[in-house]
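Just the one chain here, the form predicted on its own, laid out as structure tokens.
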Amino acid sequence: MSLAPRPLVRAMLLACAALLAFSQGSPAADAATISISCSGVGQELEFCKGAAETWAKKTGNRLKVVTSPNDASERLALYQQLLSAGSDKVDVLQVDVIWPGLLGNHLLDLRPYARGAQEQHFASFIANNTSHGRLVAMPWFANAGLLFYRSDLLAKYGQPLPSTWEQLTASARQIQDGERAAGNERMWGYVWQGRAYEGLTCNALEWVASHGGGTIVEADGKISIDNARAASALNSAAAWVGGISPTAVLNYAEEESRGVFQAGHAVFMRNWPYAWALAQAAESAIRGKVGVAMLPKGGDDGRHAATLGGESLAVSKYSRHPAAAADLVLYMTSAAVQKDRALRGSFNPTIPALYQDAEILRANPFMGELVDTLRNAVARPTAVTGVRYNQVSHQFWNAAHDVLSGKASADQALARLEQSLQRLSRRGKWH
């Protein structure tokens, strides 16, 4: 992901400086002033600011809240600019799940400060946030790919919840054909994210991993994508296009697929947990008719695989107050704060024990379906590929899109992809 244009970065830095000039109250003589950058998307800023202010009152430290750009690419560009300059203007940063490998060299190792707290979180998330043996971020809230389905239509046609992609394909076809014959000519069996962007990397990684085809680049740096199981996974998905999935799916991102599903024109949908609340909203055409489950396995010998998503909190290694900043991170990622966020904002915790909490499950019934999904979530190869991850993902989603659109066979596309990744990695040596 490239840096933002210089004028944009300058404007961001000026805004950052202006925000950092604001603080509350008079500090105690030994108090630290900690600045935290929070996303302004939805309720994130409100909850981030509220929890951070509670920590400041409890500890006697001062707090400065920096509202970073909502656009993830712009936020990453701002972080890269600040960190590359060794700036101490932001102590705590909200980081996307794919950024630890990109920013890890500039982030504090939190393991000495966590004192084992990391063991409460999903192991897949901790592994994702570990770069060269250093825990560079603590998980804050989680996402993972899920299968949404029309429970009323499965019941109508006597179809069980599919456990494999083959079963999903057959069920989607039967219900699609039946509904079209009954007059709903716009019905499709399955919608997902097929546009050539990061969302396709997430979908295609799920297909490949569920078939036992690896994770593009393995933890030891080995490039594994050119294999028969990965090719089979992509060929199966390509057969959906124009069959149980509209050809337009090749231009779908999250909202396009949700729009079709929520309008009542799809049986199954792959999406992130956010789609649950919207599907159950008062104005939704499918309210009360939706179920959520793990994504299917790639055959009886396959596995359930959902791409890990979510956000974490990290500390800049250029912070003047690393201990206080780390303490803020550990407070904000604690079970108590994560429970409050789950109850008030439906944010998915990163602590498995909270998925057994009766209050959370009453407020968010779908979260009961998430724990196994998150426990088995597949991380994108960000930690091992580091600053080259964006190039890896770009090449992977383009290869997958070529297969889905019929521009190349899976064997051809994956062979070319592996050769390209070998060159990019200097023959498997990523660092």
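Here, rigid core means the biggest group of C-alpha atoms that superpose within 1.5 Å across both forms. Residue numbers run from 1 along the displayed sequence. Note that the coordinates shown come from a computational prediction; the quantities given were computed from them, not determined experimentally.
Not pictured, yet referred to below: the form predicted in complex with a small molecule.
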| property | result |
| --- | --- |
| One stretch from 101 to 109, 152 to 160, 207 to 215, 309 to 317 that, in the predicted complex, holds residues within 4.5 Å of the small molecule by heavy atom | 309 to 317 |
| Contact residue in the predicted complex, from Trp165, Trp272, Tyr252, Phe122 (heavy atom within 4.5 Å of the small molecule) | Trp272 |
| Selected contact from Ala127, Ala196, Ala228, Ala72, since only one has a non-hydrogen atom within 4.5 angstroms of the small molecule in the predicted complex | Ala72 |
| Distance check, Leu135 to the small molecule in the predicted complex, heavy atom within 4.5 Å | no |
| Partner proximity in the predicted complex: Val267 to the small molecule, non-hydrogen atom cutoff 4.5 Å | no |
| Residue contact check: Arg388 to the small molecule in the predicted complex, 4.5 Å heavy atom | no |
| Contact label in the predicted complex: Arg380 to the small molecule, heavy atom within 4.5 Å | yes |
| Per-residue C-alpha change between this form and the one not shown, Glu166, threshold 2 Å, rigid core fit | no |
| Exceeds or equals 2 Å, Cα of Ala209 between this form and the one not shown, core fit | no |
| CA-CA separation of Ala263 and Phe347, closer or farther in the predicted complex than in the form shown [shift of 3 angstroms or more] | closer |
| Change in CA distance between Ala253 and Pro69 in the predicted complex, which is 3 Å or more, as closer or farther | closer |
